[in-house]
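One chain is shown next in structure tokens, namely the form predicted alone.
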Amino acid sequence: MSASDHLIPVVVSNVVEVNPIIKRFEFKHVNGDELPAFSGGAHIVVEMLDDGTKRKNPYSLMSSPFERDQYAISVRRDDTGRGGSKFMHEQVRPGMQMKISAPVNLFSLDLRARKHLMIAGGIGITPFIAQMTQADKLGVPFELHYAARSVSQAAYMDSLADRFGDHVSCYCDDQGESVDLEVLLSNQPLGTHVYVCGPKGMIERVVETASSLGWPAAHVHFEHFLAPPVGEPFEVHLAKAGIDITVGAEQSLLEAVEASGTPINCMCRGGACGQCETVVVACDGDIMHNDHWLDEEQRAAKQRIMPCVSRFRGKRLELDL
């Protein structure tokens, strides 16, 4: 069972162009009902019906966890991706009816922490907006360090600085500014938890720096924004269902399985949570894993696959589905 199995009918209440590459979308329940409660760091899955193709993409909620009359997300346009962000930017208008999942949180604040240190890169700022609202309301110590490529791409940087003042530090590459991670992580009180969301390289640097400075692994939290990659179409046999399916060039294996009506668990849809891990019955070819869940030994064994982000090239792939 997956969060996206029971979708909520919503109407697009507002669309705001934040900058040339980012738009904010706001949703209300079609009946005016309250939407499900969530905590900072949660995401929803947005269903997109794009000219015969059904896509389900996860996006972090950035609206206040204390206001349930609407949800808000931000979407960064990617013209080289599978088309989901282009659909959102080009097709979604106020008044349009869509479906979303209930919130799922794989990146929540650890409320046992004595302080929350948040590090964001680019569109990775979105989960922190809700987290900061939550932390501010609860009166718990927090600070945000937000890096962007340029001032023009730094979505919400000014408004966050206005709302949260000294809790926010900003850095723009085009201004020659950068975060000194070693200094930042070396000068935190005991009991601090660090949270990072943004480009893969930033996440790796924060995790490696924290580890080298002796931070407990349980105090280091990160969330990857990983979209399923495009690629060549491929065929898969689902052993339990007894059917063959075709995965399209701009379709994920998970989406193809769902389209066949075959049950499959999933949650993050980005190769991070492990919910859709599936046994490989037979593999004559190469699996492009692309996930953050399996280790190198498991990948080499070709006995497990994460259908949300993995692709295949070869003669035969058979799954225990």
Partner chain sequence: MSDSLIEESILSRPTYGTLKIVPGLAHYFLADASGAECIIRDVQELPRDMMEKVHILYVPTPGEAALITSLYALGAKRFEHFPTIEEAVAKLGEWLSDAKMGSQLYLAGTEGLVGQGVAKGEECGLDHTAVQCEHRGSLARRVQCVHCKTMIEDVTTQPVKCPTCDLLLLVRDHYSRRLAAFQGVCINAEDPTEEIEIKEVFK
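Residue numbers count along the first chain shown, from 1. The shown structure was predicted, so the numbers you read here are calculated from the model rather than taken from an experiment.
As for the form predicted in complex with the partner chain, it is not shown, yet the points below apply to it.
Quiz prompt | 4.5 angstroms heavy atom contact with the partner chain in the predicted complex for Pro141 | solution = Close contact is absent here: in the predicted complex, Pro141 is far from the partner chain, nothing within 4.5 Å, heavy atoms only.
Practice problem: Answer for His224 alone: is it within 4.5 Å of the partner chain in the predicted complex, judged on heavy atom distances? | Solution: The answer is no: His224 has no heavy atom within 4.5 Å of the partner chain.
Quiz item: Does Phe234 reach the partner chain in the predicted complex, with heavy atoms at most 4.5 Å apart?
Solution: Outside the cut-off, so no.
Practice problem: Considering only heavy atoms, tell me if Arg163 and the partner chain come within 4.5 Å of each other in the predicted complex. | Solution: Contact with the partner chain, no.
Self-check item: Sole residue of Phe87, Trp215, Tyr171, Tyr156 within 4.5 Å of the partner chain in the predicted complex, by heavy atom
Solution: If I apply the 4.5 Å criterion carefully, the residue I get is Trp215.
Exercise. Select from the listed residues Met202, Leu185, Val92, Met98 the one whose heavy atoms reach within 4.5 Å of the partner chain in the predicted complex.
Key: So the residue touching the partner chain in the predicted complex, by this definition, is Leu185.
Quiz item: Going by heavy atoms within 4.5 Å, which of 119-127, 191-199, 244-252, 146-154 lines up against the partner chain in the predicted complex?
Solution: Among the listed stretches, the partner-contacting one is 191-199.
Self-check item: Within 106-135, the residues that have a heavy atom no more than 4.5 Å from the partner chain in the predicted complex
Solution: Counting only heavy atoms within 4.5 Å of the partner chain in the predicted complex, the single contacting residue of 106-135 is Arg114.
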